[in-house]
Structure formats: C-alpha cells, structure tokens
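The chain below stands alone, shown as structure tokens; this is the form predicted on its own.
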C-alpha cells in the first residue's frame, strides 16, 4: 500500500478510537472527555499488543507534523486581546507552564517505558 493511503487509513483508525471514546463518555457519563478515553483506549491496545505501533505510526506522525498549526490561532488571540489575560494572566501562564511540563514528563516517562519494553 502506498504511504498516502496508509496515512489516511491510520488517521481514520485513530478517529475511530476517538469516536469510541466519545461514545463511551456519553454512555457512561464519566467526567472525562471522550478524546481522553479514546487515547486511553489507544494506549491500552498498544500496551497489550492488540494494536501494533506500526499500524498507527505514519498516521500519528502525520498529525503531529501539523500540530503546531493549531497553536497559531490561540497565540494570535492572546496577542489581539491582552485584556482577557489582565486579571488571571499570571495564573493562566503558571497553569500552562505546569501543564506543559507535566505533559512532557508523562510522555517522556511513558515512551521510555515503552521503548524498554519493546527492546528498542
């Protein structure tokens, strides 16, 4: 299969996991976003070996390559409307930095564990 078709199928598969997570959240009423449940489902499938990483690597890489584009509108909004941050700006900045640090730590820790488990 050509790489373009593979990417489309893998992105579609990731979307299906997102959709399942969203429906699971609607059905169960859990106070967790459906997208997070979809990611947890993906993590479970990868860790158990039910879904080999090779079945999602190109699609995930494609989506990650364009991820920075989603931050541009947010940055422009902050620059255009600084008054929105005047009251709670410092708190939001601290929360953003803390959340980013925690995300990088958890992602690094998880990928390190997975690479040791996979023998890479």
Partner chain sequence: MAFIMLLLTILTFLLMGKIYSEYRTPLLTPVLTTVAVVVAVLLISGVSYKTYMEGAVWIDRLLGPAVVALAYPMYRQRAVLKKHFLPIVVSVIIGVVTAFGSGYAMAKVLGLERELLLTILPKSLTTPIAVPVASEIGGIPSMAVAFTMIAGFTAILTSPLFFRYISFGDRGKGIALGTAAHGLGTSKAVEYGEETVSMSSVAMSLAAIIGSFFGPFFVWLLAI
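Whichever C-alpha set is largest while still superposing within 1.5 Å between the two forms counts as the rigid core. Owing to the predicted nature of the structure, the values given are computational and were not obtained by experimental measurement. Positions refer to the first chain, counted from 1.
Below, we turn to the form predicted in complex with the partner chain, even though it does not appear here.
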Determine whether any heavy atom of residue 26 comes within 4.5 Å of a heavy atom of the partner chain in the model of the complex, and answer yes or no. no
State yes or no: in the model of the complex, is some non-hydrogen atom of residue 8 no more than 4.5 angstroms from a non-hydrogen atom of the partner chain? no
When the partner chain is considered in the model of the complex, the residues of 50-75 having a heavy atom within 4.5 Å of it are 53, 56, 57, 60, 63, 64, 66, 67, 68, 69, 70, 71, 72, 73, 74, 75
Handout entry: Threshold 2 Å Cα movement between the shown form and the other one at residue 89, rigid core reference
Key = yes
C-alpha of residue 80 moved at least 2 Å between the shown form and the other one on rigid core
yes
After superposition on the rigid core, does the Cα atom of residue 31 shift by at least 2 Å between the shown form and the other one?
no
Assert for residue 37-residue 103 (C-alpha, 3 Å or more) in the model of the complex vs reference form: pair farther
Shown form as baseline, in the model of the complex, CA residue 33-residue 74 shift of 3 Å or more puts them closer
